[in-house]
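So this first bit is one chain, no partners, the form predicted alone, shown in structure tokens.
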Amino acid sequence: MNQPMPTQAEIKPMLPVLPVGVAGYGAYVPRFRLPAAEVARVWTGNTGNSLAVTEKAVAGLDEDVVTMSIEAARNAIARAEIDPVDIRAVWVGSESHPYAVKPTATIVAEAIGAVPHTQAADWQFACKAGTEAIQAGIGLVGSGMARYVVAIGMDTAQGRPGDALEYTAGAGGAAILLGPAAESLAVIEGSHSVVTDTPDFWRRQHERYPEHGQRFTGEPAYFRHVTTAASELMQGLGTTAGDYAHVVFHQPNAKFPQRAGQLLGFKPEQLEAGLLAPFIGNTYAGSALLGLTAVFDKAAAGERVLLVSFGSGAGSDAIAFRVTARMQAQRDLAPSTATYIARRTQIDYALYARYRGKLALQ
């Protein structure tokens, strides 16, 4: 039986000294789609799967975490209407950086025009690498050390041929441009994190594909961390599930976030706008952030949004936002997340294997 995490007598959310908000946001999802039924046809001889994922996004031959991060960051800058030279940090969270030794972030910073007077770094914490970059960005902006920080969660997720992950491991992600709350599209009300050493998913050095703990990834890993981070943040802020118009969870599949919502007292309609896994799969570090951008595309001024990520290994970040009146005027300055999802070209397993270099299994 899963044991609950110990709780503090008084839980205080992490708050910056200066108010911080989302100055801009941007998504990117590649156009290619591999149906889950096609994966099942190749490996099982039938066309069904139990993960409620219809298809997943697949990066093309000329796409990787660098190129997709550039597109998402440009969209965020367009919505913020700022000069990129004012960005003092460019941080990219991913578990599929194209180089083992060479930062992704410096290439992105160069491409968006943020160099040379900026800080750049790559982040890694499995699927919550993007939200930990956001939290660090909140600290940098909230301390007055930087006016703007770009935090990106992006992946070309990998799954071993024939493994359950191959049905869901998609590609894409989002960029969140953090800045002063006074000029933001959504104000950050607080954040909270929980971590434990729970080895539910891993990939050792030089191994090509990740391993996972099968059912172990659910109760002691995903649900334990997600529900604890979310409930403790809401307790610290004095809010309940009913105070939020939208909630976005990390989406390893379509079923896990729906169950997490039920456990925390959220209604299905509160998850609806940000639940993208059925259409693009699990984009790992981009999963929760993409859901957040989809919610921002629809949220009204004054609405509260709760974001809860999950990273294997394991941990969760919960971040609360309140949408401002600026959102309505600036969301149309860049393509919506729905636009990227609707822009699709279906491929078969053979083309997928070619695009993702899966013909060599070792």
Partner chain sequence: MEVSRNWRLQSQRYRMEGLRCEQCGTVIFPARAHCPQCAGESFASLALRGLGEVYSFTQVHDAPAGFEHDAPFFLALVRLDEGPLVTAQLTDVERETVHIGMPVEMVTRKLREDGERGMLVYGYKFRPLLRQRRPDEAVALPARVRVPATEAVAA
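Here the structure is a predicted model, which is why all the values come from computation and not from measurement. Positions refer to the first chain, counted from 1.
Note that the form predicted in complex with its partner chain isn't included here; everything after this is about it.
Asks: I need to confirm a contact call. Of E272, D243, E110, E183, which residue comes within 4.5 Å of its partner chain in the predicted complex, counting heavy atoms only?
Replies: Contact check passes for E110.
Asks: Heavy atoms, 4.5 Å, its partner chain in the predicted complex: which of 128 to 136, 91 to 99, 278 to 286, 229 to 237 makes the cut? Say which one.
Replies: Comparing against its partner chain in the predicted complex, the contact stretch is 91 to 99.
Asks: Does at least one non-hydrogen atom of Y28 fall within 4.5 angstroms of its partner chain in the predicted complex?
Replies: Yes, Y28 sits close enough to its partner chain in the predicted complex that at least one of its heavy atoms falls within 4.5 Å.
Asks: Heavy atom to heavy atom, is D197 within 4.5 Å of its partner chain in the predicted complex?
Replies: No, no contact at 4.5 Å.
Asks: Going by a heavy atom distance of 4.5 Å, is E38 a contact of its partner chain in the predicted complex?
Replies: Contact with its partner chain, no.
Asks: Just checking whether R224 would be counted as a contact of its partner chain in the predicted complex - the rule being heavy atoms within 4.5 angstroms.
Replies: No, R224 is distant from the partner.
Asks: For the stretch 336 to 351, which residues lie within 4.5 Å of its partner chain in the predicted complex by non-hydrogen atom distance?
Replies: Counting only heavy atoms within 4.5 Å of its partner chain in the predicted complex, the contacting residues of 336 to 351 are T339, Y340, R343, T345.
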